[in-house]
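This document starts with one chain, in the form predicted on its own, laid out as structure tokens.
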């Protein structure tokens, strides 16, 4: 019997079977041929691609076709602000930054601040405004080019977006939304309309430029239902259907329980965590693939495939040779769980030290990224 797991834009639980998700969502795996083509055009590789962290797509081959014809695409991704940024959020943004640099393209970054307000009972608009600001600092800290990066905030840029959202909303009926998102008759009417706003950045640059521009959306795979629903609608409005590239989830510290949650602090490491907090969380909560005793571990070896510290290093250790050695040493029993955790602690604290320095500098730069009007 198939293992039960849930993947929706608002909930991810269970041990996610990504191959099954590919079939159920109707996306395509990135095969060796497409991988080589990306690397050739980008004149470089990214470890997220090599390690199949970004593993699936819609129409990525078409995007590359258009790029080679000189019809340069733009990027669209986003963050619905409901809490502080954790490391799982950084994954698609780090890859988006690589795409921007390699292809020299614009990024439209959406902050759908109304989404979490509508779907989380206790969240106020003041909360989402505060978290929008905090999340912006994390995005700027990653080094996105301010001349090619535009921040869209739904409640602040509604005058720019609402007219186009109406065109989308007219093409989507209630039964479509209910089926795609699991909504019920008890869902508030804002939640029903929301997905129309999320579709807008996929074609807004085309509207503003007065010409059709291809769109590529890098995102975590749980957000696919939004874009699956909007692709046909955007096509019916006369614009290119947005292409997309999907990534796996950085697992929660506790292991195979879905993804990290911004509202469950002990499942995650946040970009604002200090070194001692990082150390405590990883040592206390990171699920181990080690054996019950040192003696047994030395004899039988660890299980890196279920060890969260190793899985996190697969995301954040860029050096393939270093990662391979860690895998081999842990698998053979030469490396103990405590040693593996310490490698991860050092890696994350080094990453966060640089990020937090850039985050502080970002406070003076936000105005450079905001879309006016």
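Positions refer to the first chain, counted from 1. Predicted model, so just to flag it, every value in this text is computed and none were measured.
The following text describes the form predicted in complex with tryptophan (TRP), which does not appear among the structures shown.
S.K.: Considering tryptophan (TRP) in the predicted complex, which of 219, 97, 231, 297 comes within 4.5 Å of it through any heavy atom?
M.R.: Looking at 219, 97, 231, 297 one by one, just 219 meets the 4.5 Å heavy-atom criterion.
S.K.: Which of these residues, 149, 223, 206, 267, gets a heavy atom within 4.5 Å of tryptophan (TRP) in the predicted complex?
M.R.: Partner contact (heavy atom, 4.5 Å) among the options: 223.
S.K.: Is there any non-hydrogen atom of residue 110 lying within 4.5 Å of tryptophan (TRP) in the predicted complex?
M.R.: So residue 110 counts as contacting tryptophan (TRP).
S.K.: Do residue 80 and tryptophan (TRP) share at least one heavy atom pair within 4.5 Å in the predicted complex?
M.R.: Result yes; residue 80 sits at the interface with tryptophan (TRP) in the predicted complex.
S.K.: Going by a heavy atom distance of 4.5 Å, is residue 86 a contact of tryptophan (TRP) in the predicted complex?
M.R.: Contact check for residue 86: no, nothing within 4.5 Å of tryptophan (TRP) in the predicted complex.
S.K.: Is residue 157 close to tryptophan (TRP) in the predicted complex, meaning a heavy atom pair under 4.5 Å apart or at it?
M.R.: Output for residue 157 is no: heavy atoms all beyond 4.5 Å of tryptophan (TRP).
S.K.: Picking from 269-277, 174-182, 287-295, 191-199, which part of the chain touches tryptophan (TRP) in the predicted complex when contact means heavy atoms within 4.5 Å?
M.R.: Careful reading of the contacts points to 191-199.
S.K.: Go through 111-126 residue by residue and record those having a heavy atom within 4.5 Å of tryptophan (TRP) in the predicted complex; state none if no residue qualifies.
M.R.: Those in contact are 112, 115, 116.
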